[in-house]
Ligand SMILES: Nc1ncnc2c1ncn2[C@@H]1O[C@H](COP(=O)(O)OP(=O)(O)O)[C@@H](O)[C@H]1O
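First comes one chain, alone, set out as structure tokens in the form predicted on its own.
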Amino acid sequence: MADTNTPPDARTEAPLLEIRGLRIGFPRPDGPPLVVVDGVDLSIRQGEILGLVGESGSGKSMLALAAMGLVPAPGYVMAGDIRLDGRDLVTLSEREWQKVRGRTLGMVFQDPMTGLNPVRSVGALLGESVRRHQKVGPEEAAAISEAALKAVGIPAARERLAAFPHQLSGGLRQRVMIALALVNRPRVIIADEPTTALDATIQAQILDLLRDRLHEAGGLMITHDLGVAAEICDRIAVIYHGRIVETGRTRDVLAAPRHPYTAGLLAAVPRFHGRGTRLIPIRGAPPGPVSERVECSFRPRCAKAAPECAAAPALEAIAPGRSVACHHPVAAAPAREDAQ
């Protein structure tokens, strides 16, 4: 299957992280497993940030956990490949995974209060990761840990090594999470809703920090916030009910969405120009996991639904670097003369 989410000006080297046909399911005693990620294809190249956008429950975080070998039991990878530098990660044992996590693949988890061990100091958390993946002694590990805290803008870094997570503010805890993900200079970094519950000022600082660090490697930014995706992502993949429904360069997707779901997400974003502007919500609610997908999952909520939507559409290229899974995509906006 061709890589339909790669823009025409993308680098020609092989992807750092490549996901093909990924399906994740949860078994149930009275029937086939419930599928939460269903046939996802994604790729990330050196120096590129891919944004994975969708509502809560769409499968974003589950996909990220699968990429880290952390799908919560009893869930499991039903099918597909996850390749890092060409190496198949799905087949790794837990011992092999421990060599990959933190070293070649790092992750910034969504909630630093649950992502950080509350009974271990910042220095102990960072030092353990450094010594696991780098052949250094305790003193050098402490120096590397201090440098990692300085790199993410934490003041008084040496003193912070002795602090525990509950002694830090939300912004500092999130910076520690980023330092923990970056301390061993991984090849690919996954950031799962890294600015959730942060105020606007701290969020802007975290995004500035992440933009620089993710562009040094390859990055996957998982978010439900289109503003965050617009701020730092080179490309966007929109996920709905466990499937990718649209991909393309960020500026193209946000300027001219082609899938009705993407258009609905953008229409629901508050705007500050004009007065009396009403938000246009997407009607209905996202469906729950199913064992077998027959119709287009967005059909019950879609104003463009038609009889042919009774068959689930495939993700297909509609232009160089643009793909959409829809029988009736939104019409492309005409090019403006001043933009040509």
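The first residue of the sequence shown is number 1, and the count goes up from there. On a predicted model such as this, the values are computed, not experimentally measured, just so you know.
There is another form of this protein, the form predicted in complex with the ligand, and it is not shown here; the text below is about that form.
>> Considering non-hydrogen atoms and a 4.5 Å limit, which listed residue (36, 67, 40, 302) is close to the ligand in the predicted bound form?
In response: In short, 36.
> Looking at 312, 49, 315, 62, which has any heavy atom no more than 4.5 Å from the ligand in the predicted bound form?
Replying inline: After the contact test, the surviving option is 62.
> Using heavy atoms and a 4.5 Å limit, would one call residue 291 a contact residue for the ligand in the predicted bound form?
Replying inline: So residue 291 does not count as contacting the ligand.
> Is residue 295 close enough to touch the ligand in the predicted bound form, meaning at least one heavy atom pair within 4.5 Å?
Replying inline: Taking the distances in the predicted bound form, the answer for residue 295 is no, it never comes within 4.5 Å of the ligand.
>> Does any part of residue 57 reach within 4.5 Å of the ligand in the predicted bound form? Heavy atoms only, please.
In response: So residue 57 counts as contacting the ligand.
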